[in-house]
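The chain below stands alone and is given in C-alpha coordinates; this is the form predicted alone.
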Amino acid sequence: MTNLEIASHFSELASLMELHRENPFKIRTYQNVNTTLKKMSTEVADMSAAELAAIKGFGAAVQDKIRQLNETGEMSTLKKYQDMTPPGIRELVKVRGLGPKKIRVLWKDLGVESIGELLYAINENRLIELNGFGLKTQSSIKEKLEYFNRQRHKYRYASLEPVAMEFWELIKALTDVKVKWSGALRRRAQVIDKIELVVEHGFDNSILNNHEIINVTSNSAFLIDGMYRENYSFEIHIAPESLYYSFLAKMTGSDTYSARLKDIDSADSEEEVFLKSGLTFWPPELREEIHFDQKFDSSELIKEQDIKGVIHAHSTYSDGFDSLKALALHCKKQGFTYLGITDHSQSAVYAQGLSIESLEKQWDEINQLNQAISDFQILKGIESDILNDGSLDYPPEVLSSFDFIIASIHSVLNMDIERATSRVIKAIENPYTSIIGHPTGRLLLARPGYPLDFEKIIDACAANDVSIELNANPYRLDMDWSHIPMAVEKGVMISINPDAHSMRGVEHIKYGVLAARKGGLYRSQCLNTLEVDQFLKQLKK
(Lines give C-alpha, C1' and ligand atoms only; values in the text may rest on other atoms or scores of the structure.)
Protein backbone atom coordinates (compact mmCIF):
# COMPACT_ATOMS: atom_id res chain seq x y z
CA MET A 1 0.00 0.00 0.00
CA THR A 2 1.11 3.57 -0.63
CA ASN A 3 1.45 6.07 2.22
CA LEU A 4 -1.71 7.86 1.06
CA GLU A 5 -3.71 4.61 1.09
CA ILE A 6 -2.45 3.73 4.57
CA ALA A 7 -3.15 7.29 5.75
CA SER A 8 -6.78 7.05 4.60
CA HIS A 9 -7.26 3.96 6.80
CA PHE A 10 -5.88 5.76 9.87
CA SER A 11 -8.03 8.80 9.09
CA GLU A 12 -11.16 6.67 8.94
CA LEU A 13 -10.18 4.84 12.12
CA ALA A 14 -9.72 8.14 14.01
CA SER A 15 -13.08 9.46 12.78
CA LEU A 16 -14.99 6.27 13.68
CA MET A 17 -13.36 6.10 17.11
CA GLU A 18 -14.34 9.72 17.74
CA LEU A 19 -17.86 8.90 16.57
CA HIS A 20 -18.00 6.12 19.18
CA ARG A 21 -16.45 8.32 21.91
CA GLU A 22 -13.29 6.29 22.33
CA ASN A 23 -10.01 7.27 23.99
CA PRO A 24 -9.12 10.85 22.85
CA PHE A 25 -5.40 10.10 23.18
CA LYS A 26 -5.63 7.19 20.72
CA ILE A 27 -7.76 9.26 18.35
CA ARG A 28 -5.16 12.05 18.36
CA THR A 29 -2.40 9.49 17.75
CA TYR A 30 -4.12 8.11 14.65
CA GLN A 31 -4.90 11.61 13.37
CA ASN A 32 -1.20 12.48 13.70
CA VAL A 33 -0.22 9.27 11.90
CA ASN A 34 -2.52 10.24 9.02
CA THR A 35 -0.90 13.70 8.81
CA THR A 36 2.64 12.32 9.00
CA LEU A 37 2.06 9.68 6.31
CA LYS A 38 0.71 12.29 3.89
CA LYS A 39 3.89 14.35 4.23
CA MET A 40 6.48 11.57 4.16
CA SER A 41 8.87 11.26 1.24
CA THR A 42 9.61 7.54 1.75
CA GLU A 43 7.01 4.80 1.43
CA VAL A 44 6.59 3.04 4.79
CA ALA A 45 5.97 -0.19 2.89
CA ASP A 46 9.66 -0.09 1.90
CA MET A 47 10.92 0.60 5.43
CA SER A 48 12.47 -1.87 7.85
CA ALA A 49 10.90 -2.42 11.26
CA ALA A 50 13.66 -0.34 12.86
CA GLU A 51 13.13 2.57 10.42
CA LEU A 52 9.39 2.49 11.07
CA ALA A 53 9.89 2.46 14.84
CA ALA A 54 12.15 5.52 14.59
CA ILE A 55 9.34 7.73 13.23
CA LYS A 56 7.90 10.02 15.89
CA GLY A 57 4.46 8.84 16.99
CA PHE A 58 4.75 5.40 15.37
CA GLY A 59 4.57 3.18 18.45
CA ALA A 60 4.11 -0.59 18.53
CA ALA A 61 0.34 -0.40 17.97
CA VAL A 62 0.73 1.86 14.92
CA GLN A 63 3.51 -0.32 13.52
CA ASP A 64 1.32 -3.41 13.89
CA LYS A 65 -1.57 -1.74 12.06
CA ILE A 66 0.72 -0.70 9.20
CA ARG A 67 2.08 -4.26 9.02
CA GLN A 68 -1.47 -5.65 8.82
CA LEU A 69 -2.36 -3.28 5.99
CA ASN A 70 0.76 -4.14 4.01
CA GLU A 71 0.36 -7.88 4.47
CA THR A 72 -3.42 -8.33 4.27
CA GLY A 73 -4.87 -5.06 2.96
CA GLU A 74 -7.01 -4.76 6.10
CA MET A 75 -6.70 -3.40 9.65
CA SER A 76 -8.51 -5.47 12.28
CA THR A 77 -9.19 -2.50 14.58
CA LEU A 78 -10.69 -0.48 11.74
CA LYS A 79 -12.78 -3.48 10.68
CA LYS A 80 -14.18 -3.68 14.23
CA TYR A 81 -15.36 -0.05 14.16
CA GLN A 82 -16.69 -0.39 10.61
CA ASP A 83 -18.82 -3.35 11.73
CA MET A 84 -20.13 -1.26 14.65
CA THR A 85 -21.21 1.57 12.32
CA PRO A 86 -24.08 1.57 9.80
CA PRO A 87 -22.82 2.00 6.18
CA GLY A 88 -24.74 5.27 5.76
CA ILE A 89 -23.10 6.74 8.87
CA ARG A 90 -19.67 5.72 7.57
CA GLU A 91 -20.49 7.62 4.39
CA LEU A 92 -21.57 10.68 6.39
CA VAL A 93 -18.16 10.63 8.10
CA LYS A 94 -16.61 11.31 4.68
CA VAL A 95 -18.53 14.59 4.29
CA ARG A 96 -15.96 17.30 4.88
CA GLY A 97 -16.82 19.80 7.60
CA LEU A 98 -19.58 17.74 9.23
CA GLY A 99 -17.47 16.05 11.91
CA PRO A 100 -17.97 12.90 14.05
CA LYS A 101 -19.46 14.79 17.02
CA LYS A 102 -22.29 16.31 14.97
CA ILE A 103 -22.85 13.01 13.14
CA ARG A 104 -23.23 11.17 16.47
CA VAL A 105 -25.94 13.59 17.60
CA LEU A 106 -27.76 13.22 14.26
CA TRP A 107 -27.46 9.43 14.47
CA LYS A 108 -28.30 8.86 18.12
CA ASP A 109 -30.76 11.70 18.80
CA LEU A 110 -32.47 12.07 15.43
CA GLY A 111 -32.20 8.47 14.19
CA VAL A 112 -30.59 9.49 10.89
CA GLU A 113 -28.49 6.74 9.27
CA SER A 114 -27.78 7.99 5.73
CA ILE A 115 -27.22 11.11 3.63
CA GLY A 116 -30.69 10.75 2.12
CA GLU A 117 -32.34 10.57 5.53
CA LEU A 118 -30.40 13.59 6.74
CA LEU A 119 -31.41 15.69 3.70
CA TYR A 120 -35.04 14.68 4.30
CA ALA A 121 -34.76 15.71 7.96
CA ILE A 122 -33.27 19.06 6.91
CA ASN A 123 -36.13 19.67 4.48
CA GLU A 124 -38.49 19.19 7.43
CA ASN A 125 -36.44 21.60 9.61
CA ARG A 126 -35.85 18.87 12.17
CA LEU A 127 -32.23 19.73 12.92
CA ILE A 128 -33.14 22.99 14.65
CA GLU A 129 -34.75 20.92 17.41
CA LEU A 130 -31.36 19.47 18.38
CA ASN A 131 -29.13 20.96 21.07
CA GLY A 132 -26.25 22.90 19.45
CA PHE A 133 -27.92 23.14 16.06
CA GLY A 134 -29.88 26.00 14.51
CA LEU A 135 -31.08 27.35 11.17
CA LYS A 136 -27.60 28.54 10.19
CA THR A 137 -26.01 25.18 11.05
CA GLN A 138 -28.79 23.31 9.29
CA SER A 139 -28.31 25.39 6.14
CA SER A 140 -24.55 24.86 6.25
CA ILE A 141 -24.94 21.08 6.60
CA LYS A 142 -27.34 21.02 3.65
CA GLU A 143 -24.79 22.83 1.46
CA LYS A 144 -22.07 20.38 2.48
CA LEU A 145 -24.26 17.36 1.73
CA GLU A 146 -25.32 18.69 -1.66
CA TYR A 147 -21.70 19.44 -2.58
CA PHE A 148 -20.67 15.95 -1.45
CA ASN A 149 -23.41 14.36 -3.57
CA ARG A 150 -22.33 16.34 -6.64
CA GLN A 151 -18.72 15.14 -6.24
CA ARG A 152 -19.42 11.46 -5.57
CA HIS A 153 -17.78 8.89 -7.84
CA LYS A 154 -15.32 11.48 -9.13
CA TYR A 155 -11.55 11.47 -8.86
CA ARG A 156 -8.75 14.00 -8.86
CA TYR A 157 -6.53 13.56 -11.90
CA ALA A 158 -3.49 12.69 -9.77
CA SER A 159 -5.44 9.92 -8.01
CA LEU A 160 -6.86 8.42 -11.19
CA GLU A 161 -3.73 8.70 -13.35
CA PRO A 162 -1.87 5.63 -11.95
CA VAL A 163 -5.06 3.52 -12.08
CA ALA A 164 -5.74 4.63 -15.65
CA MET A 165 -2.16 3.82 -16.63
CA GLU A 166 -2.53 0.36 -15.11
CA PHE A 167 -5.83 -0.20 -16.96
CA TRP A 168 -4.36 1.02 -20.27
CA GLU A 169 -1.38 -1.34 -19.90
CA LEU A 170 -3.72 -4.24 -19.14
CA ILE A 171 -5.90 -3.64 -22.21
CA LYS A 172 -2.82 -3.08 -24.36
CA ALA A 173 -1.41 -6.45 -23.26
CA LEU A 174 -4.66 -8.19 -24.26
CA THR A 175 -4.81 -6.91 -27.85
CA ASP A 176 -2.69 -6.02 -30.87
CA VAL A 177 -4.75 -2.99 -31.93
CA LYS A 178 -4.01 0.65 -31.05
CA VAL A 179 -5.16 1.79 -27.58
CA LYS A 180 -5.14 5.42 -26.30
CA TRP A 181 -6.60 7.38 -23.42
CA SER A 182 -9.41 9.74 -24.41
CA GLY A 183 -12.00 12.10 -22.92
CA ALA A 184 -11.41 14.21 -19.82
CA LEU A 185 -8.60 11.90 -18.74
CA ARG A 186 -6.53 12.65 -21.86
CA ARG A 187 -7.34 16.36 -21.55
CA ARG A 188 -5.87 16.21 -18.02
CA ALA A 189 -9.01 17.59 -16.40
CA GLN A 190 -8.66 18.27 -12.68
CA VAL A 191 -11.67 16.11 -11.79
CA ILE A 192 -12.65 12.99 -13.75
CA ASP A 193 -15.51 10.52 -13.33
CA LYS A 194 -14.27 7.62 -15.49
CA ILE A 195 -11.41 6.11 -17.44
CA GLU A 196 -11.95 6.40 -21.19
CA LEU A 197 -10.05 4.57 -23.91
CA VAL A 198 -10.30 4.52 -27.69
CA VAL A 199 -9.32 1.25 -29.37
CA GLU A 200 -8.87 0.50 -33.04
CA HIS A 201 -11.48 -1.29 -35.14
CA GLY A 202 -10.99 -5.04 -34.82
CA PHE A 203 -10.76 -5.03 -31.02
CA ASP A 204 -12.04 -8.37 -29.72
CA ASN A 205 -14.37 -7.38 -26.89
CA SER A 206 -14.76 -10.99 -25.76
CA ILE A 207 -11.28 -10.86 -24.18
CA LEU A 208 -12.81 -8.88 -21.30
CA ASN A 209 -15.34 -11.56 -20.44
CA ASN A 210 -14.75 -13.19 -17.07
CA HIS A 211 -11.62 -11.13 -16.38
CA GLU A 212 -11.02 -11.18 -12.63
CA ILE A 213 -10.68 -7.39 -12.13
CA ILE A 214 -12.81 -6.16 -15.04
CA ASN A 215 -16.58 -6.23 -14.72
CA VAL A 216 -18.32 -5.49 -18.04
CA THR A 217 -21.83 -4.08 -17.54
CA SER A 218 -22.73 -3.42 -21.20
CA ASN A 219 -21.10 -4.45 -24.45
CA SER A 220 -21.94 -3.28 -27.98
CA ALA A 221 -20.17 -2.95 -31.32
CA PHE A 222 -18.77 0.50 -30.49
CA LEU A 223 -18.91 0.90 -26.69
CA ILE A 224 -17.99 -1.22 -23.68
CA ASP A 225 -18.99 -0.01 -20.19
CA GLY A 226 -17.87 -1.48 -16.91
CA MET A 227 -15.98 -1.26 -13.65
CA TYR A 228 -12.27 -1.79 -13.08
CA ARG A 229 -11.19 -3.07 -9.67
CA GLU A 230 -14.79 -2.54 -8.45
CA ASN A 231 -14.33 1.22 -7.88
CA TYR A 232 -13.42 2.76 -11.24
CA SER A 233 -15.88 3.26 -14.09
CA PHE A 234 -14.53 2.83 -17.59
CA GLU A 235 -15.67 3.25 -21.17
CA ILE A 236 -13.88 1.65 -24.10
CA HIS A 237 -14.84 3.27 -27.41
CA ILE A 238 -14.25 1.14 -30.50
CA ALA A 239 -13.39 3.28 -33.51
CA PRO A 240 -15.21 2.70 -36.82
CA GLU A 241 -13.09 1.04 -39.49
CA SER A 242 -10.39 3.34 -41.00
CA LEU A 243 -11.40 6.24 -38.71
CA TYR A 244 -9.17 5.56 -35.70
CA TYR A 245 -7.33 8.91 -35.51
CA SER A 246 -10.40 10.90 -36.48
CA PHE A 247 -12.42 9.11 -33.81
CA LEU A 248 -9.63 9.53 -31.23
CA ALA A 249 -9.44 13.28 -31.88
CA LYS A 250 -13.21 13.64 -31.50
CA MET A 251 -13.45 11.47 -28.39
CA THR A 252 -10.65 13.46 -26.72
CA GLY A 253 -12.08 16.96 -27.14
CA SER A 254 -15.06 18.47 -25.38
CA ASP A 255 -18.37 18.19 -27.25
CA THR A 256 -18.22 21.77 -28.48
CA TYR A 257 -14.64 21.40 -29.61
CA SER A 258 -15.09 18.02 -31.29
CA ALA A 259 -18.02 19.28 -33.38
CA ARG A 260 -15.50 21.28 -35.42
CA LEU A 261 -13.58 18.17 -36.50
CA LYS A 262 -14.41 16.24 -39.68
CA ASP A 263 -14.42 12.48 -40.23
CA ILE A 264 -11.14 11.95 -42.08
CA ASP A 265 -10.83 8.48 -43.60
CA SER A 266 -7.53 6.57 -43.16
CA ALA A 267 -5.64 9.44 -41.52
CA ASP A 268 -2.19 8.54 -40.23
CA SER A 269 -2.27 10.89 -37.23
CA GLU A 270 -4.40 13.36 -35.28
CA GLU A 271 -2.34 16.17 -36.83
CA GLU A 272 -3.62 15.10 -40.24
CA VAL A 273 -7.22 15.09 -38.95
CA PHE A 274 -6.84 18.69 -37.73
CA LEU A 275 -5.13 19.81 -40.94
CA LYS A 276 -7.83 18.32 -43.18
CA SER A 277 -10.52 19.82 -40.92
CA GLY A 278 -8.99 23.27 -41.56
CA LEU A 279 -7.90 23.66 -37.93
CA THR A 280 -4.64 24.27 -36.11
CA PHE A 281 -3.51 21.18 -34.21
CA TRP A 282 -3.84 21.55 -30.45
CA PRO A 283 -2.37 19.16 -27.85
CA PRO A 284 -5.07 17.13 -26.02
CA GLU A 285 -5.10 19.27 -22.86
CA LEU A 286 -6.12 22.36 -24.88
CA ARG A 287 -9.21 20.79 -26.43
CA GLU A 288 -11.75 22.37 -24.09
CA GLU A 289 -14.38 25.02 -24.74
CA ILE A 290 -11.76 27.77 -25.12
CA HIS A 291 -10.66 28.12 -28.74
CA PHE A 292 -7.24 29.71 -29.12
CA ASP A 293 -6.70 31.91 -32.16
CA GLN A 294 -4.46 31.02 -35.10
CA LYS A 295 -1.55 33.08 -33.69
CA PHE A 296 -1.34 30.82 -30.64
CA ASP A 297 1.89 28.79 -30.71
CA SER A 298 1.49 25.50 -28.85
CA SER A 299 5.24 24.85 -29.15
CA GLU A 300 5.74 27.64 -26.58
CA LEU A 301 3.53 25.95 -23.97
CA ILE A 302 5.08 25.51 -20.55
CA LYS A 303 6.80 22.15 -19.91
CA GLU A 304 7.84 20.61 -16.63
CA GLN A 305 11.53 20.94 -17.47
CA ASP A 306 11.10 24.71 -17.95
CA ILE A 307 10.62 25.25 -14.19
CA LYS A 308 13.87 26.54 -12.67
CA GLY A 309 12.86 27.22 -9.08
CA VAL A 310 10.71 25.52 -6.46
CA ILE A 311 8.55 28.25 -4.96
CA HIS A 312 6.24 27.60 -1.98
CA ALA A 313 7.66 24.85 0.21
CA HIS A 314 7.33 24.13 3.93
CA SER A 315 10.06 22.71 6.17
CA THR A 316 10.17 21.42 9.73
CA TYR A 317 10.32 25.06 10.83
CA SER A 318 6.51 25.03 10.42
CA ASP A 319 4.37 22.08 9.29
CA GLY A 320 6.69 20.45 6.76
CA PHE A 321 8.05 16.93 7.16
CA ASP A 322 11.63 17.45 5.96
CA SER A 323 14.39 19.78 7.12
CA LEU A 324 15.37 22.88 5.20
CA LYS A 325 18.69 21.30 4.24
CA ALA A 326 17.04 18.07 3.05
CA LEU A 327 14.56 20.05 0.92
CA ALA A 328 17.31 22.16 -0.63
CA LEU A 329 19.52 19.18 -1.48
CA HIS A 330 16.54 17.30 -2.92
CA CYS A 331 15.55 20.25 -5.13
CA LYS A 332 19.11 20.58 -6.40
CA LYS A 333 19.27 16.84 -7.12
CA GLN A 334 16.06 17.16 -9.15
CA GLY A 335 17.72 19.79 -11.36
CA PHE A 336 16.26 22.98 -9.87
CA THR A 337 18.55 25.95 -9.27
CA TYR A 338 16.75 27.67 -6.40
CA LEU A 339 14.27 27.06 -3.60
CA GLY A 340 11.92 29.70 -2.23
CA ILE A 341 11.21 28.49 1.29
CA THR A 342 7.82 29.71 2.53
CA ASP A 343 6.95 28.36 5.94
CA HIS A 344 3.76 29.56 7.59
CA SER A 345 3.61 32.94 9.33
CA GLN A 346 3.07 33.51 13.04
CA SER A 347 -0.75 33.71 12.99
CA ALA A 348 -0.97 30.17 11.57
CA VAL A 349 -0.75 28.53 15.00
CA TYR A 350 -2.46 25.40 13.58
CA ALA A 351 0.61 24.93 11.34
CA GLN A 352 3.33 25.95 13.84
CA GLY A 353 3.71 29.35 12.19
CA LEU A 354 7.07 31.06 12.67
CA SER A 355 7.58 33.63 15.40
CA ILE A 356 10.01 36.46 14.63
CA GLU A 357 12.64 34.63 16.70
CA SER A 358 12.12 31.45 14.65
CA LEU A 359 12.41 33.47 11.45
CA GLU A 360 15.79 34.82 12.52
CA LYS A 361 16.96 31.28 13.29
CA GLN A 362 15.80 30.10 9.86
CA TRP A 363 17.50 33.00 8.10
CA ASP A 364 20.78 32.14 9.85
CA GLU A 365 20.49 28.57 8.58
CA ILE A 366 19.67 29.79 5.06
CA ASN A 367 22.81 31.94 5.07
CA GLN A 368 24.92 28.96 6.13
CA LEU A 369 23.37 26.62 3.55
CA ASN A 370 23.79 29.15 0.75
CA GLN A 371 27.50 29.22 1.52
CA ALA A 372 27.74 25.42 1.74
CA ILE A 373 25.66 24.37 -1.32
CA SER A 374 27.19 25.34 -4.64
CA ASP A 375 25.22 26.34 -7.75
CA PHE A 376 21.99 26.60 -5.78
CA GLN A 377 20.26 29.35 -3.83
CA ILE A 378 17.69 29.33 -1.05
CA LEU A 379 15.45 32.40 -0.99
CA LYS A 380 13.95 33.79 2.22
CA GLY A 381 10.22 33.70 1.68
CA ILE A 382 7.12 33.28 3.81
CA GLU A 383 3.53 32.22 3.26
CA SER A 384 1.97 35.11 5.09
CA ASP A 385 -1.59 34.71 6.26
CA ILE A 386 -3.99 37.29 4.86
CA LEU A 387 -5.71 38.34 8.06
CA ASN A 388 -9.44 38.94 8.35
CA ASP A 389 -9.08 42.64 7.48
CA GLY A 390 -6.88 41.92 4.43
CA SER A 391 -3.60 42.91 6.09
CA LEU A 392 -0.53 40.66 6.12
CA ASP A 393 0.95 38.87 9.10
CA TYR A 394 4.05 40.47 10.74
CA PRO A 395 4.84 44.19 11.04
CA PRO A 396 6.28 46.11 8.03
CA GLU A 397 9.88 46.00 9.28
CA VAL A 398 9.73 42.16 9.21
CA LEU A 399 7.82 41.96 5.90
CA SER A 400 10.46 44.13 4.26
CA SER A 401 13.19 41.61 5.18
CA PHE A 402 11.91 38.75 3.00
CA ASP A 403 13.09 38.09 -0.56
CA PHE A 404 9.45 37.52 -1.51
CA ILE A 405 6.06 36.95 0.12
CA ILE A 406 3.22 34.62 -0.83
CA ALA A 407 0.00 36.00 0.67
CA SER A 408 -2.70 33.39 1.33
CA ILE A 409 -6.02 33.07 3.14
CA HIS A 410 -6.24 30.18 5.60
CA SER A 411 -8.97 31.28 8.02
CA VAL A 412 -12.52 32.70 7.98
CA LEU A 413 -13.27 31.07 4.62
CA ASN A 414 -17.04 31.55 4.73
CA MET A 415 -17.26 34.79 2.71
CA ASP A 416 -19.49 36.15 -0.02
CA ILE A 417 -17.95 37.35 -3.28
CA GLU A 418 -17.76 41.01 -2.26
CA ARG A 419 -16.09 40.27 1.09
CA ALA A 420 -13.64 37.73 -0.38
CA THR A 421 -12.69 39.91 -3.35
CA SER A 422 -12.16 42.97 -1.15
CA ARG A 423 -10.00 41.01 1.30
CA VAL A 424 -7.76 39.56 -1.43
CA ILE A 425 -7.42 42.92 -3.23
CA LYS A 426 -6.31 44.62 -0.03
CA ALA A 427 -3.57 41.99 0.29
CA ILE A 428 -2.60 42.51 -3.37
CA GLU A 429 -2.26 46.25 -2.74
CA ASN A 430 0.11 45.64 0.18
CA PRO A 431 3.55 46.81 -1.05
CA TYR A 432 5.22 43.65 0.32
CA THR A 433 3.01 41.08 -1.46
CA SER A 434 4.80 39.26 -4.30
CA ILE A 435 2.41 36.40 -5.11
CA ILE A 436 -1.20 35.64 -4.20
CA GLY A 437 -1.33 32.01 -3.01
CA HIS A 438 -4.11 29.50 -3.85
CA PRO A 439 -6.55 32.37 -4.56
CA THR A 440 -9.90 30.66 -3.84
CA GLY A 441 -8.81 28.27 -1.09
CA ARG A 442 -10.60 25.41 -2.81
CA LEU A 443 -9.91 21.71 -2.18
CA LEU A 444 -11.01 19.67 -5.16
CA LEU A 445 -13.87 17.25 -4.33
CA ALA A 446 -13.82 18.46 -0.72
CA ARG A 447 -14.35 22.23 -0.54
CA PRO A 448 -15.54 24.57 -3.31
CA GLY A 449 -13.57 27.56 -2.05
CA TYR A 450 -14.79 31.12 -1.55
CA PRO A 451 -16.12 33.04 -4.58
CA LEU A 452 -13.95 35.71 -6.19
CA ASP A 453 -14.45 38.31 -8.91
CA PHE A 454 -11.41 37.17 -10.89
CA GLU A 455 -11.50 40.08 -13.32
CA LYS A 456 -11.07 42.49 -10.39
CA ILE A 457 -8.41 40.28 -8.82
CA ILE A 458 -6.40 40.10 -12.05
CA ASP A 459 -6.76 43.84 -12.65
CA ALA A 460 -5.46 44.50 -9.12
CA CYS A 461 -2.50 42.15 -9.68
CA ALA A 462 -1.67 43.90 -12.96
CA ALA A 463 -1.83 47.33 -11.30
CA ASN A 464 0.35 46.28 -8.36
CA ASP A 465 2.91 44.02 -10.08
CA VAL A 466 1.73 40.97 -8.15
CA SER A 467 1.85 37.45 -9.59
CA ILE A 468 -0.77 34.75 -9.07
CA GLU A 469 0.01 31.26 -7.86
CA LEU A 470 -1.19 28.16 -9.64
CA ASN A 471 -0.95 25.93 -6.60
CA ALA A 472 0.15 22.58 -8.05
CA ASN A 473 -1.01 20.45 -5.15
CA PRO A 474 -3.48 18.08 -6.89
CA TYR A 475 -6.01 18.77 -4.14
CA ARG A 476 -5.96 22.48 -5.04
CA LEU A 477 -4.85 23.35 -8.61
CA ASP A 478 -5.82 26.87 -7.66
CA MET A 479 -5.95 29.31 -9.57
CA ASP A 480 -8.13 27.40 -12.00
CA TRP A 481 -6.67 27.01 -15.50
CA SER A 482 -9.70 28.76 -17.04
CA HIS A 483 -8.57 32.12 -15.58
CA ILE A 484 -5.09 31.94 -17.12
CA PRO A 485 -5.98 33.49 -20.53
CA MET A 486 -7.32 36.64 -18.82
CA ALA A 487 -4.26 36.91 -16.58
CA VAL A 488 -1.91 36.49 -19.53
CA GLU A 489 -3.82 39.06 -21.58
CA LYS A 490 -3.31 41.61 -18.78
CA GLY A 491 0.37 40.81 -18.30
CA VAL A 492 0.07 39.06 -14.93
CA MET A 493 2.74 36.39 -14.36
CA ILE A 494 1.76 32.93 -13.09
CA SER A 495 3.92 31.05 -10.59
CA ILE A 496 3.53 27.25 -10.66
CA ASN A 497 4.13 26.26 -7.04
CA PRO A 498 4.03 22.78 -5.46
CA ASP A 499 3.06 23.88 -1.94
CA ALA A 500 5.40 21.08 -0.90
CA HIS A 501 5.27 19.85 2.69
CA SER A 502 7.92 17.21 2.01
CA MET A 503 10.53 16.31 -0.58
CA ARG A 504 7.94 14.19 -2.37
CA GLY A 505 5.62 17.19 -2.54
CA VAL A 506 8.02 18.86 -4.99
CA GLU A 507 6.77 16.35 -7.58
CA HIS A 508 3.39 18.12 -7.57
CA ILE A 509 4.87 20.67 -9.98
CA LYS A 510 3.96 18.15 -12.69
CA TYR A 511 0.22 18.61 -12.04
CA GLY A 512 0.53 22.38 -11.96
CA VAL A 513 2.24 22.34 -15.35
CA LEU A 514 -0.53 20.15 -16.82
CA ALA A 515 -3.15 22.59 -15.53
CA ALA A 516 -1.17 25.58 -16.83
CA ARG A 517 -0.96 24.01 -20.29
CA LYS A 518 -4.76 23.68 -20.31
CA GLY A 519 -4.90 27.44 -19.86
CA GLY A 520 -2.41 28.02 -22.69
CA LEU A 521 0.42 29.31 -20.48
CA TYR A 522 3.68 29.98 -22.33
CA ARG A 523 6.99 29.38 -20.55
CA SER A 524 7.71 33.12 -20.82
CA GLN A 525 4.55 33.90 -18.82
CA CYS A 526 5.56 31.70 -15.88
CA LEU A 527 7.41 33.40 -13.03
CA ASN A 528 9.57 30.50 -11.89
CA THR A 529 10.88 29.60 -15.33
CA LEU A 530 13.18 32.58 -14.75
CA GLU A 531 16.70 32.14 -13.41
CA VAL A 532 17.01 33.25 -9.79
CA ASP A 533 18.38 36.75 -10.53
CA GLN A 534 15.59 37.46 -13.04
CA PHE A 535 13.04 35.96 -10.65
CA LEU A 536 14.04 38.40 -7.90
CA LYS A 537 14.24 41.30 -10.34
CA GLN A 538 10.73 40.55 -11.59
CA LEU A 539 9.39 40.73 -8.03
CA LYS A 540 10.96 44.10 -7.21
CA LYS A 541 8.50 46.98 -7.24
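Numbers for residues come from their place in the sequence shown, where the first is 1. Being a predicted model, the structure only gives us computed values, none of them experimental.
The form predicted together with the DNA exists for this protein as well; it is not shown, and the discussion that follows is about that form.
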**OP:** Go through 111-119, 95-103, 191-199, 172-180 and give me the stretch that gets within 4.5 Å of the DNA in the predicted bound form, heavy atoms only.
**Re:** 95-103
Subject >> Contact residue in the predicted bound form, from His410, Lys332, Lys308, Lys426 (heavy atom within 4.5 Å of the DNA) >> reply: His410
Original post:
Of these, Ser266, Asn388, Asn367, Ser258, which has a heavy atom no more than 4.5 Å from the DNA in the predicted bound form?
Top reply: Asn388
Original post:
Does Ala60 reach the DNA in the predicted bound form, with heavy atoms at most 4.5 Å apart?
Top reply: yes
Original post:
With the partner left out of view, is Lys490 within 4.5 angstroms of the DNA in the predicted bound form by any non-hydrogen atom?
Top reply: no
Original post:
Heavy atoms within 4.5 Å of the DNA in the predicted bound form: does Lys136 have any?
Top reply: yes
**OP:** Would you please decide whether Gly132 lies within 4.5 angstroms of the DNA in the predicted bound form, comparing each non-hydrogen atom pair?
**Re:** yes
Subject >> Those residues of 22-43 which, in the predicted bound form, come within 4.5 Å of the DNA by heavy atom >> reply: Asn23, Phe25, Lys26, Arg28, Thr29, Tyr30
